[in-house]
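Taken one at a time, structure 1 and structure 2 that follow are two forms of one protein chain, written as structure tokens.
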Structure 1
Amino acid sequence: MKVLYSQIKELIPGLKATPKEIGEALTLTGFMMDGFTEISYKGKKDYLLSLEIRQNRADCLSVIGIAQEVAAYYNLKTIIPTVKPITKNNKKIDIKIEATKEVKRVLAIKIDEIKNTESPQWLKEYMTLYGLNSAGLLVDLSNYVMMLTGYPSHLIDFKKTEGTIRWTINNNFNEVTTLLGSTTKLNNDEIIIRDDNNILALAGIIGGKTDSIDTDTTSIIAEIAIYDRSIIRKNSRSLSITTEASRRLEKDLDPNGANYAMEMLVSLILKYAQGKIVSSLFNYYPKKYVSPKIQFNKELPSKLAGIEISPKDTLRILKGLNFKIISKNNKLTVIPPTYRMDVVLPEDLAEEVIRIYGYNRIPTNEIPKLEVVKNITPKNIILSEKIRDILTVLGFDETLSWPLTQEGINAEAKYSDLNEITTQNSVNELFPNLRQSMTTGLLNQMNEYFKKGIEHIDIFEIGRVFGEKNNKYLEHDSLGILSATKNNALPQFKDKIESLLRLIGFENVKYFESKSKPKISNPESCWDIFVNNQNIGIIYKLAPSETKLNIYLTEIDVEKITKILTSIDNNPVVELTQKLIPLDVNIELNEKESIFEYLDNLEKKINKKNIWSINITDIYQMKGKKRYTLRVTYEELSDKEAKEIHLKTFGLNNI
């Protein structure tokens, strides 16, 4: 919303503040000044303030509304320009309101003998300042009234209409040509103004071409209508047409104020275009808007602000904003002016008081006095932070990537049985699906690094992955890790992953051939990772690619490991009173037997209480089988005891 400094001054005769000061005051009270320009208007130096109106304040999309805000802030009075009441006439206009749910109020009047000339210089200048093209006297006056009062009006060239003018829901026009000449397809559910044959306007948004004003116009119907704001918003969005009118009518515009705007419009048309009123004022207003009566505790502003705001100040501010105050039996009832349709609760009133009193009067340098409360941080958040720490220490860089992926990518990388989730309306249509794996982002990052000549690539990401199952949308945090090197380095990669898992608290990490191998994996090098007998993720080598790099990936379900971790009680500390006893054993497995499974069974068989470690120290390939040398290191046992256990465990006679 733009406002001219000179107009504000005109409306508030006692105002001494400079244009900049006014801009700052408005910014503090809720209307941020996002533009300030020195201009020339009516031959004098002036200033144009541009303000952001975020709130449901249709009244402040007008010069008068902004002036009332400024006056309240400086504790001054606004003098609203007086306009002549509309003279009486008994001739009725042929108007019907059929869309009774959507239309709150319609005012309309017929004016004849109009001379629609060029606008006077001041009006042309005014239009330019507001970013509007001068479109002849009548249209410019209509726009001028809108800027001043906030009420959009619509002028219909009466001679171009046929029959009854109706406010109705469109059910038979498939398109409309607007007064700007562009044609828009309609959905057949819009609120429109029409006559017997043509569509005259998209109500509350823009006039139609059929009845538009031109230099030959001599007879008009001027109308101001207020609608249920939601239909204007819906129509404006579905037709992708936003206008100065729709911006105002999408907010709650006070139907009661329409009279004043109509009187101003009519008096200006009579003055500048020399018209004559030839009808009575059509006034459809079935349900008059009445302001709520709000019970108000004078202490509330102080309670919310945290500073003392005296009842005297509170009352002064509310009165300055034209709120009516009734005090009875020591209880306050506050009635907002009808143009303040945004104020319905005591808290709304408190905000009014505090913002005018000044947010800048609330100290910022005091340490907040907040209650001591229980820590409710979920464990997965703490764990994710720990994972980040460990991985960076292990030399991995953290990356972040897009959670949306291209078509086909999920099918390549996923290893779960969840269905893909697709967005319905993403403007980034090349990336319609929610990722099911962290690996795609890591591979993209790796490719970028590779293209840029970065050789040493160790990266990770913790992020959300998504999937659908049984009509439920599921998501969880997932950790993806990637290592790319020129040499074979799976054991080193596995060691790092295992270091991570063991540093976060798992003592028992196992690997089994993967049951669901991602398409991008080398199927000969793909394992599920198990801890505490639960599958927590996957580790694999990527199938050979053009980069000729050896690429290793792992993905771990962070939520799953959080759940497992919270259920185990680890204690890696021992009091070592005797030396460790390493004893070797050779085992032979045929090619179908898995060493992972052998070790898993072994761990089940032995009492881990006295085991310090089990390592593979040698692998010897034989015909059709492999011989592994295992070194089992025993703790807190005598040589004899260790040997006995060792022989028994492996079914040996002697070492």
Structure 2
Amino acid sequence: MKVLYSQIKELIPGLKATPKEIGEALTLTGFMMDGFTEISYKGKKDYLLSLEIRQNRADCLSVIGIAQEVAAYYNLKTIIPTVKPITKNNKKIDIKIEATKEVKRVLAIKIDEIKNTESPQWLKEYMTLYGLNSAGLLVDLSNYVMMLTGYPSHLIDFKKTEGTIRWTINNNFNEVTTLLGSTTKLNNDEIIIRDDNNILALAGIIGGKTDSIDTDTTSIIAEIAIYDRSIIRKNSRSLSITTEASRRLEKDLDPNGANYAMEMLVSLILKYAQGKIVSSLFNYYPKKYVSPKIQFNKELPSKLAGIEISPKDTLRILKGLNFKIISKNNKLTVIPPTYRMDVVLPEDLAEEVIRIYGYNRIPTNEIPKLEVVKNITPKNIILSEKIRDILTVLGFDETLSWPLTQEGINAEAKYSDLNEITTQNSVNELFPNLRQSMTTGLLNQMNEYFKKGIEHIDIFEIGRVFGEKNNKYLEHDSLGILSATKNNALPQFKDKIESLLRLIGFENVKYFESKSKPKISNPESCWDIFVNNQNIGIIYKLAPSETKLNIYLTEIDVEKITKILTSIDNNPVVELTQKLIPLDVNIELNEKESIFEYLDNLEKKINKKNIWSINITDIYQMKGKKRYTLRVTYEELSDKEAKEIHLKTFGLNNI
């Protein structure tokens, strides 16, 4: 963006800063000066500043916008030139807006009896400064208004049009000849301005040759339009056409400011081209843009910058940037001007304060006084990282797989009561369903290892699993672990799972025969995993297969164990007033009796405050039975009291 020093001075009468100082000030506030030239304009010495506008700041692609930034920096006022309102006329223009989603606003007016002469010298000079060739009075005035206000306009030679003028999406024109004379092939999805037979313009980018202004033009339609910026950017990139208009319209350009730009354009045309308004102002504006009301803390800029910025300075800067401030009950509500469509959050306001206050005022040799912010990383993410570290140490390799599966796979591996979810428009029609278990990906990876001759496999994966219940779509993070070996290694696999659970904070791990067993499991070797009396997953041996390997799988609900861990104290501080007393006992249970159910009932018999731990130290297989050796460790009891409770609980024959 180029801007004349004399124009900035004209808009800010109280400005005393030199051209160089202004350029440096703008650089410090985020608009880097990449050019500074001494020139002659209107017979006087002047300076042309060139600035890089990388931000979503369409307002700063204008002289007025840059002047407002300079005024805010120096705490001065900007005097915007007044323009005459457009005179009313009852005759309507035949215009239709068909691209209603893409067009935000259109202003248009018909002006007759125009004399399109050569531009005056000052205007020719101005066009040259901006690298534009003078193209006659009307076009030059249109470009002048764009540079001054930031709003591109398009002038249509009305006598060259045929029928209704429409804003629509192109669906039948394969090419267009632009006003520069070049022919551009079209993709049949551009937003265009057309009449009954021809394209009049690639909307927001460049005009067409058909309706271009020339020296014989006497009747025009002047239009200013605002579009959804994404379609202008898309069309500009796909057609490889970048213009001053497209640069502005692919940013958030305030639809409300179009009125002022149109009034200025019409005033200048009437003044220099002696035209006459012959229509009412066409005004398409279906959804008026209203600035957001932002709740703001005056201390926020200081917290983010790490330096002290007084509330007084904060309010002064915001007011200088034309932000409206409402104070009520010690709370601030800030309303940005509508041309600042990029400001929607409290952090945006803080950034505005900091950049005008001065990034250069943040010391480089001091540690910023930053507030320690709350860690917002979800706890299940943190836990997942810890699980990855532990399993890696235990010798497992992590794998990654698609969350999509083939038909029938979920039915083999699922163990929950959730229904399957089928995707719409799947990226691969062979994989239409979302996985219900991490097992599917682990088994696929295992088969890939088999093809490479690898037979001892320890792998895991953490990912999302999905299901539907009662018309609700559910998903959660799940951990799947697989081990494949020639040996019967269930005890070793179980020990590793227990090691993982204990290392992340669980002590009381139990197993019960699964109530819902996957079809691929060996039904005789399938158990639900419980911690703190809650079912967190499943562990099982795969049914015999052609591989002749022993394959073990477990799946654990990561979000469920995260919730359990947040509710328990994993690092309790215990004061022992008496020694711990360990006593052993042997018990015999039938094959079908669960040792864990027995332990649950046992804990109910003994006062919890007197139990330090109960551990299984040995298991001996008998005919139809199993003998378990338990070590019960008592606390806060004397030897005599502990032995009395032990004898009463288990009886003399078991001790």
Partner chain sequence: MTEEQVKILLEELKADLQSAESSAAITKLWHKYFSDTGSFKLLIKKIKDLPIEEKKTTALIIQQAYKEAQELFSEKEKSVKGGEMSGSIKSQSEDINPTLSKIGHLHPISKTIREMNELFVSMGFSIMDGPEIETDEFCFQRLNVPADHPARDMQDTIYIKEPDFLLRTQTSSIEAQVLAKYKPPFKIVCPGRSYRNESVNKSNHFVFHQYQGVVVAEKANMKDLFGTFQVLFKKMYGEDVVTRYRNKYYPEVEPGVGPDMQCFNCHGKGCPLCKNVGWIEMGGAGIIHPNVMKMAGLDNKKWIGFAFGLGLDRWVMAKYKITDIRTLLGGNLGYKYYENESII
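Computed from a predicted model, the values in this text were never measured in an experiment. Take the two forms, superpose them, and find the largest set of C-alpha atoms that agree within 1.5 Å; that set is the rigid core. Residue numbering: sequential along structure 1, first residue numbered 1.
- The form predicted in complex with its partner chain is structure 1, not structure 2.
- Superposition of the core reveals a Cα shift of 2 Å or more for Lys496 between structure 1 and structure 2.
- Asp600 is among the residues whose C-alpha shifts by 2 Å or more between structure 1 and structure 2 once the rigid core is aligned.
- Once both forms are fitted on their core, the CA shift for Lys42 between structure 1 and structure 2 remains under 2 Å.
- Taking the rigid core as reference, the CA displacement of Glu407 between structure 1 and structure 2 comes to 37.9 Å.
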